[in-house]
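First comes one chain, alone, set out as structure tokens in the form predicted alone.
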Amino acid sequence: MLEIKNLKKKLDNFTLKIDNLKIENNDYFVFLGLSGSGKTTLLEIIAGFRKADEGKLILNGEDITKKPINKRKIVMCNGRYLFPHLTVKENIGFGIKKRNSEKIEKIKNTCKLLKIEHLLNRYPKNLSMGEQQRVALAMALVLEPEIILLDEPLNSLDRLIHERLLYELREIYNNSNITFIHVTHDFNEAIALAKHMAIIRNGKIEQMGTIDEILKKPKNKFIAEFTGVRNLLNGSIREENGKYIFSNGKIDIHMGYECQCGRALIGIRPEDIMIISHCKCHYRNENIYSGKIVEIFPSSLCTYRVILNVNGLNLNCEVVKCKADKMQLKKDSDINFCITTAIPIKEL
């Protein structure tokens, strides 16, 4: 377990401040946040490249706050910092203290895992960014650390290489007993990899938990927007016959669970709005509405973003392309839709 206790580091615009954070052994923990939020600085402090102004780092019960970098059993992985004068094979084997035969075998097995055997005699300048990241990961794995730190490892990669390396990271993690701590600004990347994550803003953790916990119970408006909530509605919640209903004068939404009555901010994710056929009887849902398509446009290779209007209120939803094409959805079409889930958002 890695424990971060009462850590403070003064930066240019704010102070990085982590009061008490525990990262369990063999976790894949993601720090997620906008650029300049303090994520990389925190990673550098964990690695030992920077010193905190205050606080402690405890690894498996041992205080490593003042330990030198090479004694921490923590490795920072970054493809931008390979030794340019060494071949890939020499880079990977640089920190191994095993006998020569064991060293060669370890390099061979790691390169096979990462599919970089064909790169062993090349120099870093002759590698693509994706290949550099693989080599850096191999350098980290052969050292058998307790923790591997990844600082935006998939940033600036083209889409195909990004997807391939994302898959390989999952495979490597699943087949190891190593704790991974990963920094990114990409929420989709975090969803694909993280067991737990912390969202950082201006040096402070806004919310921490599993992906499911953060998606279902965003702590505030910033978290909701950052994690993909595109419909934020101000209004009030009332109770009627044991049911809790949100209303803002344009739409009434049955919340489906017990809520606090009074003024409220709720969120609806685009994927939680479902366009349905004109036959409503197949949907046992109290939140069914009639509206009009204001705009429709591709949002990815396989989905459309559809903007719906109901009683003057615009809502964003996401529709799979094959379904949209089958239903012949287009601008100004009259449609029926249902809201499957609405989440309360608590402001700090």
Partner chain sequence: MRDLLKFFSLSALSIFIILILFIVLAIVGKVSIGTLQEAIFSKEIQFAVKLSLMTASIATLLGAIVGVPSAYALTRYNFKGKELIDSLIDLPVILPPLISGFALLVFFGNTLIGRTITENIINVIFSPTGIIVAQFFVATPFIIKTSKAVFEGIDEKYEYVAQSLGMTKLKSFFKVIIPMAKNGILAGMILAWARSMGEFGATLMLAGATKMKTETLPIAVFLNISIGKLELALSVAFIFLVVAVLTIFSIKTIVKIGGGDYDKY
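Positions refer to the first chain, counted from 1. Keep in mind that this is a model prediction, so the values were computed, not measured.
This next part talks about the form predicted together with the partner chain, which is not shown.
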152, 159 and 196 each touching the partner chain in the predicted bound form (heavy atom, 4.5 Å) = no
In the predicted bound form, which of the stretches 299-307, 286-294, 31-39, 44-52 has residues with heavy atoms within 4.5 Å of the partner chain?
-> 44-52
The partner chain contact at residue 263 in the predicted bound form, heavy atom, 4.5 Å = no
Does any heavy atom of residue 112 come within 4.5 Å of a heavy atom of the partner chain in the predicted bound form?
-> no
Consider residue 181 of the chain shown here, and say whether it contacts the partner chain in the predicted bound form, taking contact as heavy atoms within 4.5 Å.
-> no
Would residue 311 sit within 4.5 Å of the partner chain in the predicted bound form, counting heavy atoms only?
-> no
Of the options 215, 82, 190, 233, which one has a non-hydrogen atom that comes within 4.5 Å of the partner chain in the predicted bound form?
-> 82
Relative to the partner chain in the predicted bound form, which residues of 67-96 have a heavy atom no more than 4.5 Å away?
-> 69, 70, 74, 75, 76, 80, 81, 82, 83, 84, 85, 94, 95
